[in-house]
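The chain below stands alone and is given as structure tokens, in the form predicted on its own.
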């Protein structure tokens, strides 16, 4: 599934960040997930305000020097997996 360019990814209903955690933990109806590194950078941009291309452009700024196509591919794959698990909507 391709992520539409006009989509504005956001955490799905029922998903939220654990407030009092030392490390970022994403809570969702079926469980919880510790989030680090690139996954955290991607999910922090899933605020319903950024379009997918804007998110990719921001990731390319954050990871300057990394292959832009790989950033696009990795972000797409990560968000598609989270969408299938009903953690992210777009």
Partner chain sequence: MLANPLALIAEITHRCPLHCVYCSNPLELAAASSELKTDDWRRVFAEAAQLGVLHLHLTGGEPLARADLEELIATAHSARLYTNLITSGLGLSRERLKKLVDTGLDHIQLSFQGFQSDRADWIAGTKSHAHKIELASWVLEHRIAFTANLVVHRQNLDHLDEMIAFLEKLKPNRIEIAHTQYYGWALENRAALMPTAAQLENAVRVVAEAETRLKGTIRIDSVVPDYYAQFPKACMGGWGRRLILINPAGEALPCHAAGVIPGMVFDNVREHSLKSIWQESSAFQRFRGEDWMQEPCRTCERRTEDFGGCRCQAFLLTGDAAATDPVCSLAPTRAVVVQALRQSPTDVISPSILAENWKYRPNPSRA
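This is a predicted model, so every value here is computed, not measured. Numbering follows the first chain given and starts at 1.
Below: the form predicted together with its partner chain, not depicted.
*Asks:* Please check if residue 30 has a heavy atom lying within 4.5 Å of any heavy atom of its partner chain in the model of the complex.
*Replies:* Yes, residue 30 is a contact residue.
*Asks:* Given that the partner is absent here, does residue 84 sit within 4.5 Å of its partner chain in the model of the complex, heavy atoms only?
*Replies:* Residue 84: contacts its partner chain in the model of the complex.
*Asks:* Flag residue 11 as yes or no: does it have a non-hydrogen atom within 4.5 angstroms of any non-hydrogen atom of its partner chain in the model of the complex?
*Replies:* Close contact exists here: in the model of the complex, residue 11 approaches its partner chain to within 4.5 Å, heavy atoms only.
*Asks:* Going by a heavy atom distance of 4.5 Å, is residue 16 a contact of its partner chain in the model of the complex?
*Replies:* Residue 16: yes, in contact with its partner chain in the model of the complex.
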